[in-house]
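The form predicted alone is given below as one chain in structure tokens.
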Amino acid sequence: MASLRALECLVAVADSGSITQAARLLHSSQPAVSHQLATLERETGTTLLRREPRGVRLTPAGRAALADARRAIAAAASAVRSARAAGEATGGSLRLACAQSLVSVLAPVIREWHRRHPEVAITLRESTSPDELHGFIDSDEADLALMPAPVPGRFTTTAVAEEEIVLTAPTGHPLAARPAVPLEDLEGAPLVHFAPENGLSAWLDRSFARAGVRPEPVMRTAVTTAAPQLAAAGLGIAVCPVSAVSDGFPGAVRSFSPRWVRQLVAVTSAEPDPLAARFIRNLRKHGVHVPRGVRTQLAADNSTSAKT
């Protein structure tokens, strides 16, 4: 296949009308340019240049190749610019994945990048399955995944933030009357739980088992953000990440005692490239956004607990 240098020689000769001038344009020697052109003619199996007393002229075959040669040179230059921009974290593409409830954590950072770095194309995939998120990284379908720790040791992880696990309940529920709820008080409580395909289901079951607590599931949902809404509607209580509780939540939100948190990490297949590393720094700066109404409830709980 023709080298890029040979195509550059063809274009330079066409533009200058002379091999000598083409060599000057390319900061090369005349024999080197002639060698590249001869190699290109051997590869195409036809004559591309006609030598005349006052220079050289492209043959019909040379003219036919010229437009594609210019496009190939432009494409190569564009590829270099794109790679350089990605390396300098000023351009390229960033493929993100996250646990379903963590879209609200990514959203403000993505919004900021759309405003400040419009040349970076960002895509997002969500999942409720940790294994599926791991698969996105393994199969190179995502550059970075935001999810709770722990993750398998084959990945590189960067701590991003701590996220609180909270109790949600209907307003007026007996557990909501307390400033903070001991986990053991969930014994026998009607629980809006998560469906097996949601990774929170098994994770909460293990957490309850370690605490020796057995709530009573009354229904299950695969959608993380649906559980607190169903709890607020009076079906029971829900235990969920605070990121799953939306602004204007109509029920009660309470912390656990002691406070229950999980670590959120950015997962990559190896050390993050400059673009991913910059995004991770922005994630750490923003942390977990908690809606004002939810934050007010939790702050009141913590204040009451401190006084107690």
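Start at 1 and count along the sequence shown; that's the residue number. C-alpha atoms forming the largest set that superposes within 1.5 Å between two forms make up the rigid core. Please read these numbers as outputs of a predicted model, since none were measured by experiment.
As for the form predicted together with the DNA, it is not shown, yet the points below apply to it.
The closest non-hydrogen atom of V56 lies within 4.5 Å of the DNA in the predicted complex. Contact annotation: S243 falls outside 4.5 Å of the DNA in the predicted complex, judged by heavy atom distances. Contact annotation: S257 falls outside 4.5 Å of the DNA in the predicted complex, judged by heavy atom distances. At a distance threshold of 4.5 angstroms between non-hydrogen atoms, R51 is in contact with the DNA in the predicted complex. The stretch that touches the DNA in the predicted complex, counting heavy atoms within 4.5 Å, is 33 to 41, out of 271 to 279, 61 to 69, 249 to 257, 33 to 41. Put the two forms on the same core and the Cα of T268 is off by less than 2 Å between this form and the one not shown. For S255, a C-alpha deviation below 2 angstroms is recorded between this form and the one not shown after rigid-core alignment.
Positional change of Q36 between this form and the one not shown reaches 2 Å or more at the C-alpha, relative to the superposed core.
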